[in-house]
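Let's start with one chain on its own, the form predicted alone, as structure tokens.
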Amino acid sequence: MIPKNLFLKRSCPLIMQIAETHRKPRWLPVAKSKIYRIPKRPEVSEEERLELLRINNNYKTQMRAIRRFYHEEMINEKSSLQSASSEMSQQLEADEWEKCVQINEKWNAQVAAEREQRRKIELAAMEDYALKRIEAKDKEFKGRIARASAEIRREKELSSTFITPDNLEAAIDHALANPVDYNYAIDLRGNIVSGRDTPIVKPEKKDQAVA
């Protein structure tokens, strides 16, 4: 027959605590036969009690002295370590500060060089843009001057045909001798018929007349 303890140990090793044969599980309550049982205090004689008290006091005094000794040793060692570590930490802090200052100066120099290079590029771009605008303005101004010169030349050429007080009588005589009728008509084929009283000839009649 398989023992019960063996089966419980193998099936639930992490959930249950298996008690041995001579002890009961700790989660079980006190047995009914022992609920009201009061154990009897051991009787100690007065001499034994005083001796135990003396031994206990001596043990406490010795342990207190040992603890105090080690505590003072630890404080002295800690203070010496702190003084040494404070000097070392100050030196390390100064070295770290110097290193940080050098790195900061290096970064500042690099940023200043990049800023100067960027400023040069921006200045060159601004100069190029300004030159292009000046050239465009000069070109536009020269074009305006050329157009104005051409207009002036054309007006000068036309000024010879202007009617002035000197040639007014001649212009009137010329207009009366050569009357011009500005009335005209345009048919569907695009033919222009000048004059107010000019008769319009139909195409078939015009073709017969030509034939």
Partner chain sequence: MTSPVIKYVGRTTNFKGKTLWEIVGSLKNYGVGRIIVRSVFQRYSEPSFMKIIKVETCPDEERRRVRVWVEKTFRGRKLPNLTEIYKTSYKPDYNLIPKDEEAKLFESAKIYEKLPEAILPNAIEMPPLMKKFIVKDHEKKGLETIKEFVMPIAYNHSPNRVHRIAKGDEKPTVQFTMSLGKPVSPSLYEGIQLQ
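These figures come from a predicted structure and were not determined experimentally. Residue numbers count along the first chain shown, from 1.
Just so it is clear, the following notes concern the form predicted together with the partner chain, a form of the same protein that is not shown.
Only one of Gln62, Thr164, Ser149, Ser160 comes within 4.5 Å of the partner chain in the predicted complex through a heavy atom, and that residue is Gln62. A single residue from the set Ile55, Leu176, Ile186, Leu168 has any heavy atom within 4.5 angstroms of the partner chain in the predicted complex; that residue is Ile55. At least one heavy atom of Glu48 is located within 4.5 Å of the partner chain in the predicted complex. Not displayed here, the partner chain is approached by Ile66 to within 4.5 Å at the level of heavy atoms in the predicted complex. Interface residue remark: Tyr70 is counted as part of the site for the partner chain in the predicted complex, having a heavy atom within 4.5 Å. Of the heavy atoms in Pro29, none are within 4.5 Å of the partner chain in the predicted complex.
Contact annotation: the partner chain lies within 4.5 Å of heavy atoms from the stretch 71-79 in the predicted complex, the single such stretch among 88-96, 71-79, 136-144, 115-123.
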